[in-house]
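For reference, the chain that follows is the form predicted alone, supplied as structure tokens.
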Amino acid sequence: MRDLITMDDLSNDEIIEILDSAERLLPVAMGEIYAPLLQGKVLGNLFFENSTRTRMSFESAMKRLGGEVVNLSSVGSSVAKGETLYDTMQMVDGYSDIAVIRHPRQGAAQYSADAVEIPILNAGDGAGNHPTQTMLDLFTIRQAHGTLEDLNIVLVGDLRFGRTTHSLSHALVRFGTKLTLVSPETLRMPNEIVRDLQSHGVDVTETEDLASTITEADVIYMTRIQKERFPDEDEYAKVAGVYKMTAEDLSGAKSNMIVMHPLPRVNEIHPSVDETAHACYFKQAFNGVPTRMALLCRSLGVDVPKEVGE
């Protein structure tokens, strides 16, 4: 029974093992074969913030593996009546075998894991971490490039509040990745995170100029400027729409460069990019299913067979 709260909960070898399991589970994720590895197990899906891809992919992953799902949100539950997170988690502990939690408060996932016996997977805690997103991002990058080693990856947009980029950057530097961090001055990656990234001995560059990074990039990871994280709407207005990628911008990119985005997008990627060979964000979103299948199996102590379905 193993939690996943931050990427520090996984060694490099464990990351590769999970990605290998996800690769074997792809036919199950696509509905081509049925493998009820989690039959009889129940997943508690606890989402105190809005979600489309994370919530649906976890539900799809559990059901494709023969398990069941119970859902909870702030609306329509006793949370709206003032029930504490601790008390809610005690109920979930009795109703399910594993739980996924998304919460607006940083640290809520670890608090929940400490409160219960079942394994907890962090699906995003405020501006903190989003390790299951990182795992599907790593899976997508490895699919495209065949490796996680020695790539040139550009992270763009809201790097201050973006939990996806916080988790992903920590994972990438463990594989020797060169990172370029592109953001407005007010949305730069927090200094303590940058220092930690640099402590791994990798090349970390910070800039506000996206155009200058495109030709050398192997991956460009776009993110939305998150209005909901800004305490002051005027501050948000100053940076909203600062980066807008079009197909024309990618004319000088490497042929195998991929554009990723954790979604939802607003206007930072023009629809013209969708028709290029570089667009990878919809495939990236689908990859949440096999990757989260592998994570559910790991946390529940279920081995993924070498030949799934046989």
Partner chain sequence: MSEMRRVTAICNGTVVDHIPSGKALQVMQMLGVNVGRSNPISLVMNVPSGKVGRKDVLKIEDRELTQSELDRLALIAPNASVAIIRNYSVAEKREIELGKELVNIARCSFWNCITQNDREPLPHKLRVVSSEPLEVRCAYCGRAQDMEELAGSVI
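Computed from a predicted structure; not experimentally measured. Numbering follows the first chain given and starts at 1.
Below, we refer to the form predicted together with the partner chain, which is not included among the displayed structures.
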{"property": "4.5 angstroms heavy atom contact with the partner chain in the predicted bound form for H145", "result": "no"}
{"property": "is_contact(P104, the partner chain) in the predicted bound form, heavy atom dist at most 4.5 Å", "result": "yes"}
{"property": "Contact test in the predicted bound form: A108 vs the partner chain, heavy atoms, 4.5 Å", "result": "yes"}
{"property": "Interface membership of T84, the partner chain in the predicted bound form, 4.5 Å heavy atom rule", "result": "yes"}
{"property": "Candidate stretches 179-187, 131-139, 200-208, 113-121, one within 4.5 Å of the partner chain in the predicted bound form by heavy atom", "result": "113-121"}
{"property": "The partner chain in the predicted bound form - contacting residues of 190-206, heavy atom within 4.5 Å", "result": "E192, R195, D196"}
